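Next comes just one chain, in structure tokens: the form predicted alone.
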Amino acid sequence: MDPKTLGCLLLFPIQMLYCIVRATVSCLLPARRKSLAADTVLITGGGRGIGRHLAREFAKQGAKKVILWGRTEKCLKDTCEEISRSGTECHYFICDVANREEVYRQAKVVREKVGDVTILVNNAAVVHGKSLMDSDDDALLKSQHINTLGQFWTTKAFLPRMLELCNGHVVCINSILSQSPIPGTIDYCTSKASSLAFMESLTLGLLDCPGVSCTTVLPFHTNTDMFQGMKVRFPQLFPPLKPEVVAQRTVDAVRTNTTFVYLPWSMRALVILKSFLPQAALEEIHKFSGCYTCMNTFKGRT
């Protein structure tokens, strides 16, 4: 073994220990938060639900401009007017992220009319709440296009300029279901798993790109119209998240350059359990918690 390789092998455990100690210390000390005063934020699905709360929170935390993308003009207009009244410059554009050509066209319009986007929040999503056999092909394709491919296209549209500026942040509002799927929403779980893999790969790919970062948010069931009717067995132990809390934690993660955010933090335990428990035990956890049947009463917005 040559001396260089031997040196790398000896140094590696020290590097691992350093990373663990640094992460531990970071958890104990208050994190430094960057200013958003020079940032232009674009939020997909920004007219309602978590998207509307994200717009409010970015404005509250001092973002220079907020841009809303969505498919429903009334929702976009209402949210835009609210943000503008708060004193933050806000614009909205009708854009279906499932349509690649429309994404690229509207991205060009945004750059010409508003300027460079420095924070991209991929929030738009759909869920159909049906089994594979009950879902038609068009519905499955719609989930893949909005939840997965839409994120590809928006990132391709805005990331190159961020890299040129050495200033940018790509955010994905994902779901814990990307790592712990449940029955009755196979389209959503599959597309979110794909979205998570995209963000993990993108995060690693940007390690040597100064000034450009990524954040992936993995929330539990959130109390929005999208998941209306979804029920777990012990709502007192596993209450649905408030969308404003998801928004607050997301914006804070951007300001602190946090890569992954689990909401609530206890969802990390679920991911750890999956790494060593047998499948039969995981199935019992799903049945005990009510996740196995939680979509039976689903009637949310798609």
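The first residue of the shown sequence is 1; numbering continues from there. In this text, all values refer to a predicted model and were calculated from it rather than measured experimentally.
Below: the form predicted in complex with a small molecule, not depicted.
Participant: Which of these residues, A98, V110, C214, C80, gets a heavy atom within 4.5 Å of the small molecule in the predicted bound form?
Facilitator: It is A98 that has a heavy atom within 4.5 Å of the partner.
Participant: Within 4.5 Å, heavy atoms only, which of K64, R255, K60, R48 is in contact with the small molecule in the predicted bound form?
Facilitator: It is R48.
Participant: Counting only heavy atoms and a 4.5 Å cut-off, does the small molecule in the predicted bound form sit next to every one of R233, M267 and H286?
Facilitator: No: no residue has a heavy atom within 4.5 Å of the partner.
Participant: Name the stretch: of 160-168, 113-121, 206-214, 187-195, exactly one has residues whose heavy atoms fall within 4.5 Å of the small molecule in the predicted bound form.
Facilitator: Stretch 187-195 is the one.
Participant: Given that the small molecule is not shown alongside this chain, does T148 nevertheless sit within 4.5 Å of it in the predicted bound form, heavy atom to heavy atom?
Facilitator: Residue-level check for T148: no, no contact with the small molecule.
Participant: Counting only non-hydrogen atoms and a 4.5 angstroms cut-off, does A125 reach the small molecule in the predicted bound form?
Facilitator: Result yes; A125 sits at the interface with the small molecule in the predicted bound form.
Participant: Should S84 be counted as a contact of the small molecule in the predicted bound form, where contact means heavy atoms within 4.5 Å?
Facilitator: Although the small molecule is absent here, S84 would stay clear of it in the predicted bound form, with no heavy atoms inside 4.5 Å.
Participant: Contact with the small molecule in the predicted bound form for Q106, defined as at least one heavy atom pair within 4.5 Å: yes or no?
Facilitator: Flag for Q106 set to no.
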